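Shown next as structure tokens: one chain only, the form predicted alone.
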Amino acid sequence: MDYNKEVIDNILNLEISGDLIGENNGPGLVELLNDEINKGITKCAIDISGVRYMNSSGIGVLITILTKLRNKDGEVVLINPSEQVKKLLIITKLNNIFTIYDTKEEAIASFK
């Protein structure tokens, strides 16, 4: 898994690609998020269009990110999940918990 981050208008933008398997990558993503929260960031848009596969630990990472930000009165949105990941979100009913947008622009606009 690879990820890029940038902060625009006090919104953390994460772009994740590859396989989101929490055991290997989760601690790094959560640590990155903790650093950003300590800087005052409470909004996060995660582009998961490049995620091919996600296991239960990967789902756990997304839920951890969501929980940490909501505890700070923040929010997380997901951007453009692949069909396979979208099915997984529906099966786990996480599509009711996460707001999902088709584009980064829509996701950023939702925070304003």
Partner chain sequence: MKFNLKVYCDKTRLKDIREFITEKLKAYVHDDLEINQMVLAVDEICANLIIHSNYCNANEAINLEVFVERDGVTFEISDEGEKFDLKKYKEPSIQEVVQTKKKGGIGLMLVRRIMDKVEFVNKEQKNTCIMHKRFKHQ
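Positions refer to the first chain, counted from 1. It should be emphasised that the depicted structure is a prediction, and the values quoted were computed from it without experimental measurement.
Here the subject shifts to the form predicted in complex with the partner chain, a form of this protein not shown in this document.
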Worksheet item: Would residue 39 show up as a contact with the partner chain in the predicted bound form if we use heavy atoms at 4.5 Å?
Response: no
Worksheet item: Might residue 23 be said to contact the partner chain in the predicted bound form, defining contact as any heavy atom within 4.5 Å?
Response: yes
Discussion item. My question is simply whether residue 72 lines the interface with the partner chain in the predicted bound form - judged by any non-hydrogen atom within 4.5 Å.
Written reply: no
Worksheet item: Would residue 56 count as a contact of the partner chain in the predicted bound form, using a 4.5 angstroms cut-off between non-hydrogen atoms?
Response: yes
Worksheet, complete the sentence: Residue within 4.5 Å of the partner chain in the predicted bound form by heavy atom, from 99, 10, 103, 92, is 92
Item to complete: May I ask whether 5, 29 and 35 each come within 4.5 Å of the partner chain in the predicted bound form, counting any non-hydrogen atom?
Response: no
